[in-house]
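Below sits a lone chain in structure tokens, taken as the form predicted on its own.
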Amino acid sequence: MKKIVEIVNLDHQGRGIGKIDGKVIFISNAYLGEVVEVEVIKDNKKYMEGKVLKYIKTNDNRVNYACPYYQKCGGCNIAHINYKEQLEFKKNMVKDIFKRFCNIEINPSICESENKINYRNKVTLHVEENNLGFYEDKTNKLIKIDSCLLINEILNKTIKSLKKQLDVKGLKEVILRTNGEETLAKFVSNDPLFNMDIVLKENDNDLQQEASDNLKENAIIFNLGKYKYAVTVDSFFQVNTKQAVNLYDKVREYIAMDKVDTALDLYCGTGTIAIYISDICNKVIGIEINKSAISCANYNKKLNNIDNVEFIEGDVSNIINNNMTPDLIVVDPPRSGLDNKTISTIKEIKPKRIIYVSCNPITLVRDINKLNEDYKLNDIELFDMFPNTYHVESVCLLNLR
């Protein structure tokens, strides 16, 4: 079914919103004010989804995003929107989510990313029949790629080298991460015997050299502010390195508002935040379930000559308890947010302040609602960690009522 639709708004994923016979339709790669001919690809009871066949009228600010895979691989969603309006879109999205689901009026500032493209230090590529690529949006169909506009140029060079040497038995996935000088590569095979992690020097084309089991040999060093971090290929670490510094500086700013004796850093990953705030807290305890990340965190503590940080491996919800007495808790959970047990224990502990770092505003407001009886939102700032996508990072300060 083909229809002419006027785009009257954008949803939280940056899709254009219009109506067909009174029913809402969501259309990817459609900009506010545009008139498009669409094909309806899904017709549910309450809404439709469509794809653009032809632009009858375009927004004057539409960007011609020079990526041959745009709107196929699903990595970029709003690259057709100019950057200034991307920032406004993200601010308005978060404002709307807080008002709609939390009944809180906010007017956050947003820190723009210095790099709009080539900002990602990590990429995961799927492999089929010696072809590298991304899955098409909402499918398992491989889109073969030669490069990606979002990732560091060093990674794009590595992809070109890899395409000539994909001879690992049963290879199904390649994960790459770079600090701009060295690149980590993880080859994931259907046969675990053929899995391997290697470190590539810049301009190194020897991809068959297996690294040792030593963490130092299987990690690369990132510099954030005055600190150094050893990171393995599959440990959590912010993908936009320069913007990560701005975000962690905001966390420091919130912490420095008052003296902190003991801070808990929940979901601490490789110890990034715990180490970054160690000089303004008497003691920091980081908790993380990922064994590889905890190994990195303990190594990073030594790397930076820090002795007031302790890292504990395990599930956050099982480790924190009401016998702990931190002044402050920092949480940086996965997109799923905090589980009910963790929230309940935090409310029993009653730290004076909570700093919530979030990559998902929906789960953020859900958790703020659950904490609302005991904690009031004092401040929030947004960080554009992922330009050309609808994703945005938030840092919130919550004070005990």
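The first residue of the sequence shown is number 1, and the count goes up from there. For clarity, every value in this text was computed on a predicted model and none was experimentally measured.
In what follows, reference is made to the form predicted together with a small molecule, a form of this protein that is not presented.
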query: Just one of V316, L171, L125, I220 has a heavy atom within 4.5 Å of the small molecule in the predicted complex. Which one?
result: V316
- line: the small molecule in the predicted complex has a heavy atom of only one listed residue within 4.5 Å, and of Y119, F134, F236, Y254 that residue is F236
message: in the predicted complex, does every one of L10, Y31 and E49 come within 4.5 Å of the small molecule, counting any heavy atom?
response: no
task: From the candidate stretches 307-315, 93-101, 153-161, 68-76, select the single one in contact with the small molecule in the predicted complex, where contact means a heavy atom within 4.5 Å.
output: 307-315
- request: Using the partner position in the predicted complex, report whether N290 sits within 4.5 Å of the small molecule, counting heavy atoms only.
  value: yes
- prompt: Taking heavy atoms only, is G269 within 4.5 angstroms of the small molecule in the predicted complex?
  reply: yes
- request: Decide whether Y248 counts as a contact residue for the small molecule in the predicted complex under a heavy atom distance cut-off of 4.5 Å.
  value: yes
- prompt: Is there any non-hydrogen atom of L184 lying within 4.5 Å of the small molecule in the predicted complex?
  reply: no
